[in-house]
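For reference, the chain that follows is the form predicted alone, supplied as structure tokens.
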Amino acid sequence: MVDNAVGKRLLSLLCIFGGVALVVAALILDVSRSNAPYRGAFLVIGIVGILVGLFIFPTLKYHRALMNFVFLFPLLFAFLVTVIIPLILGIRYSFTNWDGIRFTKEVGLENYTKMFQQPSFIWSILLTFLFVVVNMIMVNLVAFLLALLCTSKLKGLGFFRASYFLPNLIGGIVLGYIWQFIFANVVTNITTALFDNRYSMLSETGTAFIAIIVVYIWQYAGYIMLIYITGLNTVPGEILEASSIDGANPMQTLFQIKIPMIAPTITICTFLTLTSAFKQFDVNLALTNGTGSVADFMGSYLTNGTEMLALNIYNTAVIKDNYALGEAKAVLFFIILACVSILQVYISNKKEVEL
């Protein structure tokens, strides 16, 4: 038994030190700009050797906790590099004159004061809030009705579920261009045939905004529907059977049994809908590119009548090449989204208790 433990310890140390040596060799070759083709192999074999050595070490204290950290580290590292560090750097750059590559001076709150002096930015914020409110209601309503349909006793429910979920598999950019063609050609032909008036919903700001809402509901309702289906399937059949025996009609069963029992599901769906609607970008870009006239808003004539907040930030930073101002807008966007999301979850949790 002792010999076995000693053997494992020696093997694990050999793997660890050998792995460290290979990783160091790979890093030295990379820093020295060597063209050795085996640098990648050294790095991969070294990392695997270190992991194997740590895993088989027999008497290491907190072994399980260490291994949990080792296997979680790639995910944590990716989250740190792609989310946390960019967030911190973005907040830092928002107080400078950053041009996307470097900054030369601190400007304090200049970017923050400048963005609130732009009527187009204020309009984008108001439009985004309106879009979020409308879609939180409509997407969840449509998705819940589809979930009720797909949990009924109709034939071919698998086909219906797949059909309703299919639009969510199409990328937002592709979806936007598809619906742009539909609104610009198919719908105009229908209006011409029925009313002798070739009218496109994308030709005016108000109807173009409605078109974005329609496309978003069509895309996202199927995804939310699947979550509602899961929630409805967790309602115990014994309770539904008992309510039926007691004489409850379908509407009473729905509002007094099913909805209260899937309150956590409603909270999740509301949260997902809220965050997704706030971050709407791709459909907005592909369908209207934010265009649309607003005659008089804060004393200005606007040409970004359908431009929501995410698209406004993109246009400011990338199209207008003002990265520092775009970062300031993105920081404000993060604060708004975080506060609204926390408030929504808090209110929904209170409603769950009441139900």
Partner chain sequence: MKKRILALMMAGVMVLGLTACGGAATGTADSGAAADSGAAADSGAAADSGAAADSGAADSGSSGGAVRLLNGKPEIDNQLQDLAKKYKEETGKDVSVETIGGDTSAGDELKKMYQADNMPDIFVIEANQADTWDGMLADLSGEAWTNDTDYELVHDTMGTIGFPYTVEATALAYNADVLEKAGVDPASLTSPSAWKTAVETLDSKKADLGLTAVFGWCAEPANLGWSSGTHVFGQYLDAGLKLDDKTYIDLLNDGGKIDEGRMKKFAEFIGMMNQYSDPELLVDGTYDNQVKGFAEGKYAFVTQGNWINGTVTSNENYSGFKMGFAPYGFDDGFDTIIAGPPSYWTVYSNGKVDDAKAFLQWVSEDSAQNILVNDAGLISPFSDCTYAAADPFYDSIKSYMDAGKTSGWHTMLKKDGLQNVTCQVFADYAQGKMDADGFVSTMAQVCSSYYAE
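For the two forms, the rigid core is made up of the largest set of C-alpha atoms that agree within 1.5 Å on superposition. Numbering follows the first chain given and starts at 1. Since the model is a prediction, treat every value here as computed from it, not as a measurement.
Another form exists, predicted in complex with its partner chain; not displayed. Remarks below refer to it.
A.B. asks: Taking its partner chain in the model of the complex as the reference, which of 243, 188, 276, 151 has a non-hydrogen atom within 4.5 Å?
C.D. replies: Exactly one listed residue reaches within 4.5 Å, namely 188.
A.B. asks: Though its partner chain is not shown, can you say which of 195, 199, 116, 255 has a heavy atom within 4.5 Å of it in the model of the complex?
C.D. replies: Of the listed residues, the single hit is 199.
A.B. asks: Quick one: find which of 96-104, 264-272, 245-253, 126-134 has residues within 4.5 Å of its partner chain in the model of the complex by heavy atom distance.
C.D. replies: Answer to the contact question: 96-104.
A.B. asks: Does residue 204 reach its partner chain in the model of the complex if we count a contact as any heavy atom within 4.5 Å?
C.D. replies: Residue 204 belongs to the contact set for its partner chain.
A.B. asks: Check whether residue 8 has any heavy atom within 4.5 Å of a heavy atom of its partner chain in the model of the complex, and answer yes or no.
C.D. replies: Output for residue 8 is yes: heavy atoms within 4.5 Å of its partner chain.
A.B. asks: So in the model of the complex, does any heavy atom of residue 54 sit within 4.5 Å of its partner chain?
C.D. replies: No, residue 54 stays farther than 4.5 Å from its partner chain in the model of the complex.
A.B. asks: Applying a 4.5 Å heavy atom distance criterion, does residue 65 contact its partner chain in the model of the complex?
C.D. replies: Judged by the heavy-atom cut-off of 4.5 Å, residue 65 is well away from its partner chain in the model of the complex.
A.B. asks: Of 156-191, which residues get within 4.5 Å of its partner chain in the model of the complex if you count heavy atoms?
C.D. replies: The stretch 156-191, when checked against its partner chain in the model of the complex, contributes 177, 180, 184, 188 at the 4.5 Å heavy-atom cut-off.
A.B. asks: Superposing on the rigid core, do we see a C-alpha displacement of 2 Å or more at residue 332 between the shown form and the other one?
C.D. replies: Superposed on the core, residue 332 moves its C-alpha less than 2 Å between the shown form and the other one.
A.B. asks: Does residue 26 show a Cα shift reaching 2 Å between the shown form and the other one after rigid-core superposition?
C.D. replies: Yes; that C-alpha moves by at least 2 Å between the shown form and the other one.
A.B. asks: Does the distance between the two CA positions of residue 42 reach 2 Å or more between the shown form and the other one, the core being superposed?
C.D. replies: Shift of 2 Å or more: yes.
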